[in-house]
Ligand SMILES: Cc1cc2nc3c(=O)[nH]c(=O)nc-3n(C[C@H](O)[C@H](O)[C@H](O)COP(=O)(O)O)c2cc1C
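As a starting point, one isolated chain is supplied in structure tokens, in the form predicted alone.
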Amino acid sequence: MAFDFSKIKLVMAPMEGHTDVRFRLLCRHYGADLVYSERINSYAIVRGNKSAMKAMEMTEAERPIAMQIFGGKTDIMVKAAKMLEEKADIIDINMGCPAKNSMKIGACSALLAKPAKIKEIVEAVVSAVNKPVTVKIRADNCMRNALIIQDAGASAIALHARYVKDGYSGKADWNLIREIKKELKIPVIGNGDIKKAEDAIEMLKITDAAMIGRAAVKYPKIFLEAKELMNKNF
């Protein structure tokens, strides 16, 4: 269960279709402290689906790595987490993706309106594995949900500070990240609108770690530039 989150400052966001082994290694090379798998369907993991098995591939050079799962059924999420436990340094639960096909099965951001289900899933996964469990959420009901997630035993939380209805448009509300950071005792990872290295530094001034997504796809060296700025600013 032990994992030193204090060493995690720059995080590569999970992104479907992008965060495969090669891209994760590239981000680690440029200075990302933690990388994520793309989100993997818990049902597909349990069934041994070929695409899920492919998404689960990783190398030792990527560590530390968080393997992200999603789903709406607690027992299936637990089984998937157990299957990933040997590979992952962290098990992450996706409760933020706004994809409609995932929401239809009660997964990802559909869970943000279901506090009892959030508690049930997080508690069950935390109890089932010996690795830290983290959760990625969106702005919807974020304070309530973050406190539930913390109380359920999660080791850290990542907040993408946009609402589900916004998708990836509009401006991320970093004030929500500030508010959650003030209330939570566990580490908070801030996500949204980090477009350049300077933005990562500004995020680090208000929370524990900066999660970088689409900007890293376009320019992976953003991690290197952010690390250089960190050495000057912290």
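When you see a residue number, it is the position in the sequence shown, counting from 1. These numbers come from a predicted model, not from an experiment.
This next part talks about the form predicted in complex with the named molecule, which is not shown.
A.B. asks: Which of 26-34, 175-183, 188-196, 56-64 has heavy atoms within 4.5 Å of the named molecule in the model of the complex?
C.D. replies: Stretch 188-196 is the one.
A.B. asks: Closest heavy atom of Gly213 to the named molecule in the model of the complex, within 4.5 Å or not?
C.D. replies: Gly213 belongs to the contact set for the named molecule.
A.B. asks: Answer yes if any heavy atom of Glu38 is within 4.5 Å of a heavy atom of the named molecule in the model of the complex; otherwise answer no.
C.D. replies: Contact check for Glu38: yes, within 4.5 Å of the named molecule in the model of the complex.
A.B. asks: Is there a heavy atom of Met15 no more than 4.5 Å from a heavy atom of the named molecule in the model of the complex?
C.D. replies: Flag for Met15 set to yes.
A.B. asks: Spell out, yes or no, whether the shortest heavy atom distance between Gln68 and the named molecule in the model of the complex is within 4.5 Å.
C.D. replies: Yes, Gln68 is a contact residue.
A.B. asks: Scan 93-108 and write down, in order along the chain, each residue with a heavy atom lying within 4.5 Å of the named molecule in the model of the complex.
C.D. replies: Residue within 4.5 Å: Asn94 only.
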